[in-house]
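In structure tokens, the next block holds one chain alone, the form predicted alone.
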């Protein structure tokens, strides 16, 4: 792993540019999720930030915190991986809201698990599609994987699959609002070497 220019710091213009992609992606994802579950789904205005790789588990309470992780690889003009992280309780609540027929079932049923995977897939694809619209770059997400484990273990699993990558990751905080219930999620982009530089350059806000 290596440090990108300006690692750990995004200028206000870069944050605004990445936030614009988040706004477009959130709008598209909300529509897709609403159609999937036949109920209104809203996503709050996303917040973009760049954090050290080692700080990812702290987003959800630390390495030993129980979380749900939906993981996708990204190929195309830029490569990397995306991980949607949800605290375990939040994941269970979101799954029950997405699949009300299963709300009385304890834990994650097969249907609930599938709903969370599809949620991660839709959210990731919507954000990548928005980035593509704004940059002219092509991004192709893989079929999502799913795990319920400690945050540190999930991060280790993701890192084992990564090629040479940056030592900072892009985090887009997104709140789901389903039937009036608010749930916070963290969409984490693990960029391969040079990926974030390329994205920012095509957004017109390159690293100095």
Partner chain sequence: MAPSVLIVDDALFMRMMIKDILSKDGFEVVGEAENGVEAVKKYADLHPDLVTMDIVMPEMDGIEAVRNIIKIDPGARVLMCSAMGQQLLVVEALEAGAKDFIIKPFQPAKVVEAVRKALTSEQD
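Residue numbers count along the first chain shown, from 1. In this text, rigid core is short for the largest set of C-alphas that superpose within 1.5 Å between two forms. All figures in this text were calculated on a predicted structure; none of them were measured in a lab.
Although it is not shown, the form predicted in complex with its partner chain is what the next lines describe.
Residue contact check for residue 125: one or more of its heavy atoms lie within 4.5 Å of its partner chain in the model of the complex. Within 4.5 Å of any heavy atom of its partner chain in the model of the complex lies no heavy atom of residue 179. Within this chain, residue 98 lines the site of its partner chain in the model of the complex, having a heavy atom no more than 4.5 Å away.
Its partner chain in the model of the complex comes within 4.5 Å of no heavy atom belonging to residue 90. Only one of 56-64, 140-148, 171-179, 42-50 places residue heavy atoms within 4.5 angstroms of its partner chain in the model of the complex, namely 140-148. Residues 154, 159 and 198 are none of them found to lie within 4.5 Å of its partner chain in the model of the complex, as judged by heavy atom distances. The partner is not shown here, but in the model of the complex the stretch 15-44 reaches within 4.5 angstroms of its partner chain through a heavy atom at 28, 32, 35, 36. Once both forms are fitted on their core, the CA shift for residue 172 between the shown form and the other one remains under 2 Å.
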